[in-house]
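Single chain ahead, written as structure tokens, the form predicted alone.
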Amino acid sequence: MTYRLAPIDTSTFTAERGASGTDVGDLTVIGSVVQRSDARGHVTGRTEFFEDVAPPRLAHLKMHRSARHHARILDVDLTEAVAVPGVLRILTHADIPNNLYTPLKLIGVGPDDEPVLAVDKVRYLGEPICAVVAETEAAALEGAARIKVTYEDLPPVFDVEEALKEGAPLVNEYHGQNHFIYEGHHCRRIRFGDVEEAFARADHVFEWRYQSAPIEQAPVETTGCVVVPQADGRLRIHSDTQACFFTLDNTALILETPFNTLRIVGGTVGGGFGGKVDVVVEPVACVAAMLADRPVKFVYDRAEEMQVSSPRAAERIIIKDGVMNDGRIIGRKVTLYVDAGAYSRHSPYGTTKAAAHLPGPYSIPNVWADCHCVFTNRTPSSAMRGFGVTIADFALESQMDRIARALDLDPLRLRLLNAYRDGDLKAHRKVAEGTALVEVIQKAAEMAGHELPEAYRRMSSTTREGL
């Protein structure tokens, strides 16, 4: 079959001379139809995903995973597994050059706290223990199923507040406590003004609690890669990672090899939404390819994707507000618990993002926040679509609606009254600029047919006049 591709229609695009003398588009794409650059490849089947790579002598890798949430590993018996026809090799932690890592070490966040393959302990259900490399996928699956692990069960902890209590089971010995340390503090903190004094003089004090569950990204294409050894000793990695250079650098650190010995071929992702940035398949597949001296494919099945790929973290948020009768919020106290699961992954960063978003887009003179990144015996959580900010927004805006209902106020007027303006000092001691929140609310009200009084329609993000 022959496909003929029509030329791209550029008639809707114009160019004008910018102040610097360069041509710039008029950027009027909002409200118009613009074809995605990858659309035709997708609908014609020409787009190549990593699983379309099928080099000769391709071997398959499958994991034997923990059957416990929290346990010591007393013994690993590979006898039956190595006897399975087609099994080429079984990897353990001893085969990984640098078996301990954390993906955020590239930006100076540590310590390394997660084994590539478990050593003497498992900390969540489904943690990888051994990797079976075989001639066929069926042989790899059978080999993984025949590995026998003897455990000594340990008490698990699944609740973030329980995990922080004295005497709680220790989840991650690499940290020494069940929370991440931020510059010597037990959590990421904000201290701005005096919230207790604000609560004492407020006409009303409201406190509500919000809880989210872990959310799986559920991409159509599951996490995976194909690693192909090259004649010059390099490894070519075909991956569905969302972050090619991030994956390359972390993999090189785990392999203890120079970065230029690896080549990542990626950029085409069959759905990711943040869930394919953790560098969990490439390192072990590279080790397998080197030891077997042949291409190796490692891809999650759907059950693995749902069980062990990093979800959006579950979060618990308690918000306490001091509010005056007219709706002005004069104090806000936030306690946030982010469930990182058993290892850091990207959660320390996500917790920092959440703290940076508080107390929301509002000018509140007194703010106190403790944002905890907590380790539990759950699947490690990580990135998903604005992680850190998304659930915080849900809680903050739910809080605004509940305050409006409690005081019988228009929820949009409440937001306009408290919205930060240009020049306001935010709780992080940064001056707000380019805010535009007031105008956005006004326009939304207009488009929704929500009537605002004249005084609220005259409000502006550039001045506090009239407040």
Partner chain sequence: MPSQIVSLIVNGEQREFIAAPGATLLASLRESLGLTAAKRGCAQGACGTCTVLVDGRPEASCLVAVETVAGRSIRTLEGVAAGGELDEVQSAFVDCFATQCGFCTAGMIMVAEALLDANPEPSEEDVIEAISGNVCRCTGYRPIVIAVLEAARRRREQVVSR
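Everything quoted here is computed from the prediction, not taken from an experiment. Positions refer to the first chain, counted from 1.
The form predicted together with its partner chain is left out here; the points below concern that form.
Stretch-level contact check against its partner chain in the predicted bound form with heavy atoms at 4.5 Å: of 49-57, 437-445, 410-418, 65-73, the positive one is 49-57. With a 4.5 Å cutoff on heavy atoms, M384 counts as touching its partner chain in the predicted bound form. Although the partner is absent here, D401 lies well away from its partner chain in the predicted bound form, with no heavy atom inside 4.5 Å.
Among heavy atoms of Y300, some come within 4.5 Å of its partner chain in the predicted bound form. Not displayed here, its partner chain is approached by G271 to within 4.5 Å at the level of heavy atoms in the predicted bound form. This chain appears without its partner; in the predicted bound form, the one residue of T102, T222, T379, N172 with a heavy atom within 4.5 Å of its partner chain is T222. Residues V33, T44 and Q217 are all found to lie within 4.5 Å of its partner chain in the predicted bound form, as judged by heavy atom distances.
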